[in-house]
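A single chain, nothing else alongside it, follows as C-alpha cells in the form predicted alone.
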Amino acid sequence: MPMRPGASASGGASLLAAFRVVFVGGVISFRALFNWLNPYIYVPTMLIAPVFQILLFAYVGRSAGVADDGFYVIGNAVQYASIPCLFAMANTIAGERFTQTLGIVLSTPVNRVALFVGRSLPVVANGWFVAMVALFVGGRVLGVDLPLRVWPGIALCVVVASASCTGLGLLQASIALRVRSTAVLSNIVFGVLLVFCGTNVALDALPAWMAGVGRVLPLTHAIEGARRVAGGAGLGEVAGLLAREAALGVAFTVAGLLALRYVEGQSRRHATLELQ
C-alpha cells in the first residue's frame, strides 16, 4: 500500500515533538521544581546531609564491631539517592497541583510517557550526583580509599540505582493526584529503603521476610553491586545484580505510568484533579 503523502513528515514531526517534551520539557520542569530553592538550601539538604548519615552509621558500626567503614560509606551514599528521586518525582505532580497548573499540563495532547519520562531524566541525574558526592566526601572523611579503577563501575551502579528509585518515585507520584502532601509518604519510603535494602545491615543478617522484601525493592541489588565492584569485582561479575536492579526500575516505572493514568481518570471523573 503506498504511503500517504506527508505521512513520513508527520511521523518525523511527532517524533521530534516527543524528543522535545522528553529533554526540553524535562529540564524546564526540573528547573521550575527547584526554582524557589537556592544553593544555600540545596547544598545542606542534598550534599551535606548524606555525609552525616554516613558518619552516623559508620560510627555505630565501629562501636558494634560490625563491618568496616567502606560498607557504610557505599551503602548510605547509594541509598541517599532515594531522597532526590522520591521527593522530586512526587513534587513534579504535587507542585503542579499546588500551583493549579496540573489541569493545563494534563489537558495537552502530548504523549504521557514522553511527558513523565522527560521529567524523570533530570531527577536520575540529580540522584546520581548526590550519591557520588556523598560517596567521595564520606570516603575522604572516614579515610576509605577507593582505587581509581573502581570508580567507573561504582558510577554505573549508582546510575542504575537512581533510575530504579526514580521509577518508584513515579509510582509514588500517582498518589500526589489524590492527597494534599506526599512529603510524609516520601519520608516513610526513604525509611523503608534504609532498613530493608541492606544499607547498614547485610541482607544475610536480616530476618528472611525482611530480606525477601528488600530483594524486590530498588537500590538493594545496586548497593550490593557497588560493594562488590569496590572490592575488586569486574562489571561482568555484577551484571546480574545490575540487570535485576534495572528490571525492578522498569517494573516500577510501568506501574507508575499505569497508576498515573488510572488516578488521572478518576480525578477527572470526580473533579478532584486540583482539589487542595
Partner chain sequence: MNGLRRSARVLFTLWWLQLKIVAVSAFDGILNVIYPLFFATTAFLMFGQSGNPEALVYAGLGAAVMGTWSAMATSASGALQSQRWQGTLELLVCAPTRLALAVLPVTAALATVALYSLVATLVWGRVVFGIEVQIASPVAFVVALAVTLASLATFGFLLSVTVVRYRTGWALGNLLEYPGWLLCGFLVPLDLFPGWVQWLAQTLPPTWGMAAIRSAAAGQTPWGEIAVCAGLGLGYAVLATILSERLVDSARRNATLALT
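Numbering follows the first chain given and starts at 1. Being a predicted model, the structure only gives us computed values, none of them experimental.
Heads up, the form predicted in complex with its partner chain isn't pictured, but that's what we're talking about next.
Trainee: Counting any non-hydrogen atom inside 4.5 Å, which residue from A243, L55, V250, V213 sits next to its partner chain in the predicted complex?
Mentor: Spelling it out, the residue with a heavy atom inside the cut-off is L55.
Trainee: Indicate whether its partner chain has at least one heavy atom within 4.5 Å of a heavy atom of V133 in the predicted complex.
Mentor: Outside the cut-off, so no.
Trainee: Is there a heavy atom of N126 no more than 4.5 Å from a heavy atom of its partner chain in the predicted complex?
Mentor: Because no heavy atom of N126 falls inside 4.5 Å of its partner chain in the predicted complex, the answer is no.
Trainee: Given that the partner is absent here, does V201 sit within 4.5 Å of its partner chain in the predicted complex, heavy atoms only?
Mentor: Flag for V201 set to yes.
Trainee: At the 4.5 Å heavy atom threshold, is L235 in contact with its partner chain in the predicted complex?
Mentor: Contact check for L235: no, nothing within 4.5 Å of its partner chain in the predicted complex.
Trainee: Each of I41, P44 and V66 near its partner chain in the predicted complex, meaning some heavy atom within 4.5 Å?
Mentor: Yes, all three are in contact.
Trainee: I need the one stretch from 151 to 159, 138 to 146, 165 to 173, 189 to 197 whose residues put non-hydrogen atoms within 4.5 angstroms of its partner chain in the predicted complex.
Mentor: Selected stretch: 189 to 197.
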